[in-house]
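Consider the single chain below, provided in C-alpha coordinates and representing the form predicted alone.
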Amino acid sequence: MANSPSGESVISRVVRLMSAFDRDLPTMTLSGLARRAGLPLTTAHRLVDDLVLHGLIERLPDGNLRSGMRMWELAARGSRALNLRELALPFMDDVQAAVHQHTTLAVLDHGTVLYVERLSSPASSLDAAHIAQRMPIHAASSGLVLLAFSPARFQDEVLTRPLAAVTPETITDPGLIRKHLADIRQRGYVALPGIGVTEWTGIAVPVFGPDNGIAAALNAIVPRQEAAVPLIVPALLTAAHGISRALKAAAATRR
(Lines give C-alpha, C1' and ligand atoms only; values in the text may rest on other atoms or scores of the structure.)
Protein backbone atom coordinates (compact mmCIF):
# COMPACT_ATOMS: atom_id res chain seq x y z
CA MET A 1 0.00 0.00 0.00
CA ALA A 2 1.58 3.29 -1.13
CA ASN A 3 2.42 5.80 1.56
CA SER A 4 2.37 9.59 1.48
CA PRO A 5 5.61 11.56 1.95
CA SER A 6 4.69 11.74 5.63
CA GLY A 7 4.58 7.93 5.78
CA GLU A 8 0.79 7.74 6.14
CA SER A 9 -0.83 4.89 4.21
CA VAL A 10 -3.62 5.31 1.66
CA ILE A 11 -5.97 3.41 3.97
CA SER A 12 -5.24 5.84 6.81
CA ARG A 13 -6.01 8.81 4.58
CA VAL A 14 -9.24 7.20 3.37
CA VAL A 15 -10.29 6.61 6.99
CA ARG A 16 -9.63 10.28 7.74
CA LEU A 17 -11.84 11.30 4.83
CA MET A 18 -14.70 8.98 5.79
CA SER A 19 -14.46 9.97 9.46
CA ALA A 20 -14.93 13.64 8.57
CA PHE A 21 -18.65 13.05 7.90
CA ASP A 22 -20.82 13.05 10.99
CA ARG A 23 -24.28 13.85 12.31
CA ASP A 24 -23.58 17.58 12.50
CA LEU A 25 -21.95 17.82 9.09
CA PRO A 26 -23.24 15.04 6.80
CA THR A 27 -22.42 16.90 3.57
CA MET A 28 -19.59 19.24 2.61
CA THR A 29 -17.59 20.60 -0.27
CA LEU A 30 -14.38 18.96 -1.40
CA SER A 31 -12.30 21.75 0.09
CA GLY A 32 -14.24 21.50 3.35
CA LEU A 33 -13.73 17.74 3.43
CA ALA A 34 -10.00 18.10 2.79
CA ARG A 35 -9.72 20.72 5.52
CA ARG A 36 -11.69 18.65 8.05
CA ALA A 37 -9.66 15.53 7.25
CA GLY A 38 -6.40 17.45 7.46
CA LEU A 39 -5.33 16.48 3.93
CA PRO A 40 -3.96 18.52 1.03
CA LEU A 41 -6.69 19.42 -1.46
CA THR A 42 -4.96 17.57 -4.30
CA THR A 43 -4.71 14.40 -2.21
CA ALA A 44 -8.34 14.64 -1.15
CA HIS A 45 -9.45 15.23 -4.74
CA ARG A 46 -7.66 12.14 -6.00
CA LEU A 47 -8.93 9.90 -3.20
CA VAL A 48 -12.49 11.23 -3.37
CA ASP A 49 -12.67 10.51 -7.10
CA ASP A 50 -11.85 6.86 -6.40
CA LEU A 51 -14.26 6.68 -3.46
CA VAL A 52 -17.06 8.15 -5.60
CA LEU A 53 -16.31 5.60 -8.30
CA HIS A 54 -16.84 2.79 -5.78
CA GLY A 55 -19.90 4.36 -4.18
CA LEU A 56 -18.28 4.95 -0.81
CA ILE A 57 -18.80 8.69 -1.23
CA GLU A 58 -21.66 10.25 -3.19
CA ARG A 59 -21.35 13.49 -5.17
CA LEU A 60 -24.59 15.47 -5.01
CA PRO A 61 -25.99 17.57 -7.89
CA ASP A 62 -24.67 20.75 -6.24
CA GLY A 63 -21.17 19.25 -6.05
CA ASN A 64 -21.22 18.60 -2.30
CA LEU A 65 -20.13 15.23 -0.97
CA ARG A 66 -21.65 12.79 1.52
CA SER A 67 -21.02 9.26 2.73
CA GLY A 68 -22.34 6.78 0.16
CA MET A 69 -24.91 4.03 0.56
CA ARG A 70 -22.25 1.55 -0.50
CA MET A 71 -20.46 2.31 2.77
CA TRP A 72 -23.59 1.40 4.72
CA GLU A 73 -24.05 -1.75 2.65
CA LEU A 74 -20.53 -3.01 3.30
CA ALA A 75 -20.68 -2.12 6.99
CA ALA A 76 -23.99 -3.96 7.44
CA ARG A 77 -22.82 -7.26 5.94
CA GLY A 78 -22.21 -9.66 8.80
CA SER A 79 -21.97 -6.79 11.25
CA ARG A 80 -21.80 -7.84 14.89
CA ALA A 81 -23.58 -4.62 15.83
CA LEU A 82 -26.37 -5.20 13.31
CA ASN A 83 -26.99 -8.76 14.52
CA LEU A 84 -27.01 -7.61 18.13
CA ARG A 85 -29.37 -4.77 17.32
CA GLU A 86 -31.85 -7.02 15.50
CA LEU A 87 -31.97 -9.47 18.41
CA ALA A 88 -32.28 -6.71 21.00
CA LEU A 89 -34.95 -4.51 19.40
CA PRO A 90 -38.05 -6.44 20.54
CA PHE A 91 -36.82 -6.30 24.14
CA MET A 92 -35.83 -2.65 23.83
CA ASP A 93 -39.36 -1.88 22.67
CA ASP A 94 -40.64 -3.28 25.97
CA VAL A 95 -38.30 -1.04 27.96
CA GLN A 96 -39.19 2.01 25.90
CA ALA A 97 -42.88 1.36 26.52
CA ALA A 98 -42.12 1.58 30.24
CA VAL A 99 -39.73 4.57 30.35
CA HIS A 100 -41.17 6.78 27.55
CA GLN A 101 -37.83 8.57 27.15
CA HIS A 102 -34.75 6.84 25.70
CA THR A 103 -33.56 3.26 25.54
CA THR A 104 -30.08 2.58 24.17
CA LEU A 105 -27.85 -0.38 23.41
CA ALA A 106 -24.10 0.12 23.56
CA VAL A 107 -20.93 -1.91 23.12
CA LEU A 108 -17.23 -1.40 23.78
CA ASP A 109 -15.19 -0.57 20.71
CA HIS A 110 -11.59 0.63 20.60
CA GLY A 111 -11.66 1.82 24.18
CA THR A 112 -14.88 3.84 23.98
CA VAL A 113 -18.62 3.30 24.29
CA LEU A 114 -20.32 2.96 20.90
CA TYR A 115 -24.11 3.24 20.69
CA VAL A 116 -25.55 0.75 18.21
CA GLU A 117 -29.27 1.40 18.78
CA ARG A 118 -31.49 4.04 20.35
CA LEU A 119 -35.24 4.28 20.79
CA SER A 120 -36.51 7.73 21.73
CA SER A 121 -39.62 9.68 22.54
CA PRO A 122 -40.33 12.22 19.76
CA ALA A 123 -40.85 14.93 22.38
CA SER A 124 -37.49 14.42 24.08
CA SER A 125 -34.84 17.10 24.00
CA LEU A 126 -31.85 14.83 24.67
CA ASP A 127 -29.10 15.44 22.11
CA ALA A 128 -26.77 12.60 23.07
CA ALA A 129 -26.32 8.83 22.82
CA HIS A 130 -27.21 8.80 19.14
CA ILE A 131 -26.66 5.71 17.02
CA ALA A 132 -22.98 5.52 16.00
CA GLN A 133 -22.04 8.14 18.60
CA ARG A 134 -19.19 7.44 20.99
CA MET A 135 -18.71 8.39 24.63
CA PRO A 136 -15.79 7.98 27.03
CA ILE A 137 -16.22 4.83 29.08
CA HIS A 138 -16.09 6.65 32.43
CA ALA A 139 -18.62 9.32 31.35
CA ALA A 140 -21.59 7.05 30.57
CA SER A 141 -23.62 4.65 32.66
CA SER A 142 -23.38 2.15 29.80
CA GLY A 143 -19.61 2.51 29.85
CA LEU A 144 -19.36 1.84 33.57
CA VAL A 145 -21.47 -1.31 33.23
CA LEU A 146 -19.35 -2.52 30.33
CA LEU A 147 -16.18 -1.77 32.27
CA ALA A 148 -17.44 -3.44 35.46
CA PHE A 149 -17.77 -6.81 33.73
CA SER A 150 -14.65 -6.50 31.56
CA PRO A 151 -11.35 -8.25 32.40
CA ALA A 152 -9.29 -6.66 35.17
CA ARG A 153 -6.45 -5.96 32.72
CA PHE A 154 -8.75 -3.83 30.55
CA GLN A 155 -10.07 -2.01 33.61
CA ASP A 156 -6.50 -1.16 34.60
CA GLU A 157 -5.76 0.05 31.08
CA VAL A 158 -8.77 2.38 31.13
CA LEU A 159 -8.26 3.70 34.64
CA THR A 160 -4.55 4.45 34.30
CA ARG A 161 -5.04 6.81 31.38
CA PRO A 162 -6.19 10.45 31.74
CA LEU A 163 -9.92 10.68 32.47
CA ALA A 164 -11.41 13.97 31.28
CA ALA A 165 -14.59 15.41 32.79
CA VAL A 166 -17.49 15.67 30.33
CA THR A 167 -19.71 17.38 32.92
CA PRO A 168 -19.00 18.68 36.44
CA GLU A 169 -20.38 15.35 37.74
CA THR A 170 -18.25 13.05 35.60
CA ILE A 171 -16.25 10.77 37.89
CA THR A 172 -12.54 11.06 37.10
CA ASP A 173 -11.02 9.57 40.26
CA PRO A 174 -9.88 6.01 39.39
CA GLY A 175 -10.28 4.85 42.98
CA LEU A 176 -13.88 6.07 43.15
CA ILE A 177 -14.64 4.51 39.78
CA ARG A 178 -13.33 1.16 41.04
CA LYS A 179 -15.74 1.40 43.99
CA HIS A 180 -18.60 2.03 41.58
CA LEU A 181 -17.52 -0.93 39.44
CA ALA A 182 -17.59 -3.23 42.48
CA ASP A 183 -21.02 -1.89 43.38
CA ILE A 184 -22.26 -2.52 39.83
CA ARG A 185 -21.07 -6.12 39.93
CA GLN A 186 -22.86 -6.63 43.25
CA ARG A 187 -26.16 -4.90 42.37
CA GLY A 188 -26.26 -5.69 38.65
CA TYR A 189 -26.96 -2.14 37.51
CA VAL A 190 -25.81 1.47 37.73
CA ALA A 191 -27.80 4.70 38.01
CA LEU A 192 -25.65 7.83 38.09
CA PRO A 193 -27.08 11.27 37.29
CA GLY A 194 -25.26 13.86 35.23
CA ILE A 195 -22.02 12.03 34.43
CA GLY A 196 -22.50 12.34 30.66
CA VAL A 197 -25.25 14.94 30.28
CA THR A 198 -25.97 17.12 33.31
CA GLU A 199 -29.77 17.09 33.13
CA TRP A 200 -30.15 13.34 32.55
CA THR A 201 -29.67 10.07 34.42
CA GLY A 202 -28.48 6.89 32.74
CA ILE A 203 -29.66 3.60 34.25
CA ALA A 204 -27.74 0.70 32.71
CA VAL A 205 -27.56 -3.09 33.06
CA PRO A 206 -25.28 -5.69 31.47
CA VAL A 207 -26.17 -7.96 28.56
CA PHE A 208 -24.14 -11.17 28.53
CA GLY A 209 -23.21 -13.14 25.42
CA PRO A 210 -23.12 -16.87 24.64
CA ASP A 211 -19.80 -17.24 26.49
CA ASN A 212 -21.24 -15.40 29.52
CA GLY A 213 -18.89 -12.50 28.86
CA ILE A 214 -20.16 -8.94 28.64
CA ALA A 215 -21.68 -8.32 25.21
CA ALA A 216 -23.46 -4.97 25.57
CA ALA A 217 -25.07 -2.54 27.96
CA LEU A 218 -28.80 -1.81 27.93
CA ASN A 219 -29.57 1.67 29.16
CA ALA A 220 -32.57 3.87 29.95
CA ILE A 221 -31.89 7.62 29.85
CA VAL A 222 -34.40 9.77 31.72
CA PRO A 223 -34.55 13.33 33.07
CA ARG A 224 -32.80 13.22 36.42
CA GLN A 225 -35.85 14.54 38.27
CA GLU A 226 -37.90 11.66 36.79
CA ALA A 227 -35.41 8.87 37.44
CA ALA A 228 -37.69 6.29 39.07
CA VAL A 229 -34.84 3.80 39.45
CA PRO A 230 -36.76 1.12 41.41
CA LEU A 231 -39.34 0.95 38.62
CA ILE A 232 -36.97 1.11 35.67
CA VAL A 233 -34.32 -1.39 36.79
CA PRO A 234 -36.64 -4.45 36.73
CA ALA A 235 -37.74 -3.60 33.18
CA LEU A 236 -34.11 -3.28 32.09
CA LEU A 237 -33.03 -6.51 33.79
CA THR A 238 -35.91 -8.46 32.25
CA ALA A 239 -35.07 -7.14 28.79
CA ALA A 240 -31.34 -7.76 29.24
CA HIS A 241 -31.98 -11.37 30.22
CA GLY A 242 -34.15 -11.75 27.12
CA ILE A 243 -31.43 -10.36 24.87
CA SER A 244 -28.86 -12.67 26.46
CA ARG A 245 -31.08 -15.67 25.83
CA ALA A 246 -31.59 -14.58 22.22
CA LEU A 247 -27.83 -14.22 21.72
CA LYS A 248 -27.21 -17.70 23.10
CA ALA A 249 -29.97 -19.20 20.95
CA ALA A 250 -28.59 -17.50 17.83
CA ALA A 251 -25.10 -18.77 18.59
CA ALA A 252 -26.42 -22.33 19.07
CA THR A 253 -28.09 -22.32 15.65
CA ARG A 254 -24.80 -21.35 13.98
CA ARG A 255 -22.93 -24.36 15.40
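Small disclaimer: the values here were computed from a predicted structure and weren't measured. A residue's number is simply how far along the shown sequence it sits, counting from 1.
What follows is about the form predicted in complex with another copy of the chain, which we do not show.
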Which residue, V158, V107, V166, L126, is the contact with another copy of the chain in the predicted bound form, using a 4.5 Å heavy atom cutoff?
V107
Among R35, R224, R46, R59, just one has a heavy atom within 4.5 Å of another copy of the chain in the predicted bound form, namely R46
Hey, with another copy of the chain in the predicted bound form, do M18, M69 and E73 all fall inside the 4.5 Å heavy atom range?
yes
Tell me which of 149-157, 136-144, 108-116, 173-181 has residues with heavy atoms within 4.5 angstroms of another copy of the chain in the predicted bound form?
108-116
Just to confirm, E199 within 4.5 Å of another copy of the chain in the predicted bound form by heavy atoms?
no
Although another copy of the chain is absent from this view, report whether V10 comes within 4.5 Å of it in the predicted bound form, heavy atoms only.
yes
Is it the case that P210, even though its partner is missing from this view, gets within 4.5 Å of another copy of the chain in the predicted bound form, heavy atoms only?
no
Might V14 be said to contact another copy of the chain in the predicted bound form, defining contact as any heavy atom within 4.5 Å?
yes
Looking in the predicted bound form, the residues of 84-100 with a heavy atom no more than 4.5 Å from another copy of the chain, listed in order, are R85, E86, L89, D93
